[in-house]
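So this first bit is one chain, no partners, the form predicted on its own, shown in structure tokens.
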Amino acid sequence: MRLDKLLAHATGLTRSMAARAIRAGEVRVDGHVLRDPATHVEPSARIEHDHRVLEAPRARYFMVNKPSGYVCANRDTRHRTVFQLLDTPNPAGLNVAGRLDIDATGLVLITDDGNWLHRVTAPRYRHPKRYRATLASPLTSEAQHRLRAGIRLKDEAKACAPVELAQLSPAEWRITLTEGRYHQVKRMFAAVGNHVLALHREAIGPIVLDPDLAPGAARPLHDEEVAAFGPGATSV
């Protein structure tokens, strides 16, 4: 982990404050003063700041039940962000693992573990993502067939991978896909002449949105949820 990131996590300093402290020679790593904030250090290293030995921070993993009106961005000058829903004093270094549109709701995963985030989001892993979509009009049999077979979106040469569809009510469908193209669910239904009125994400891979988590609430992931995307990770 970068030294400035580690120092910020362990002390509550901002990244810029941590970088200034490092450049000022206030930080020792295994007894040696290091002045480059970008230096990568091992989690087992002995870190001292202002003559105090710091406890190495553990990676953080959160589940958020995103309400409509929040954006999946670290900063936004016009809208509220999902990071405002977290009960953590130091959001520095946290990133969203799988974004949702501002009007979409449901499961969002947030972490500061870059390797774990990659395992969740990298296209090659093809983790299924499950959504509940409310449509403006009934979905025809032909449209269902086209979606299940793999539809080609406007201005894209390659067709989407086939999806799973299940009808929940006359206007509501559960759709499971293994890709993460831009606005993919909305564009897929638009391509068959329909319109998504509401979109709610229920699951990403093996992690399912906690039914006890109210809209706007968040909680740390359980160890077994973290481990579901790869070995060696534990939650805070």
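Position 1 is the first residue in the sequence shown; the rest follow in order. What you see is a predicted model; the values in this text were computed from it and never measured.
Just so it is clear, the following notes concern the form predicted in complex with uracil, a form of the same protein that is not shown.
Picking from 111-119, 162-170, 74-82, 96-104 the stretch near uracil in the model of the complex, with a 4.5 Å limit on heavy atoms, gives 96-104. Interface residue remark: His183 is counted as part of the site for uracil in the model of the complex, having a heavy atom within 4.5 Å. Proximity of Ile207 to uracil in the model of the complex: non-hydrogen atoms within 4.5 Å are absent; the residue sits far from the partner. Although the partner is absent from this view, Leu199 contacts uracil in the model of the complex, with a non-hydrogen atom inside 4.5 angstroms. Residues of 126-159 placing a heavy atom within 4.5 Å of uracil in the model of the complex: Tyr131 alone.
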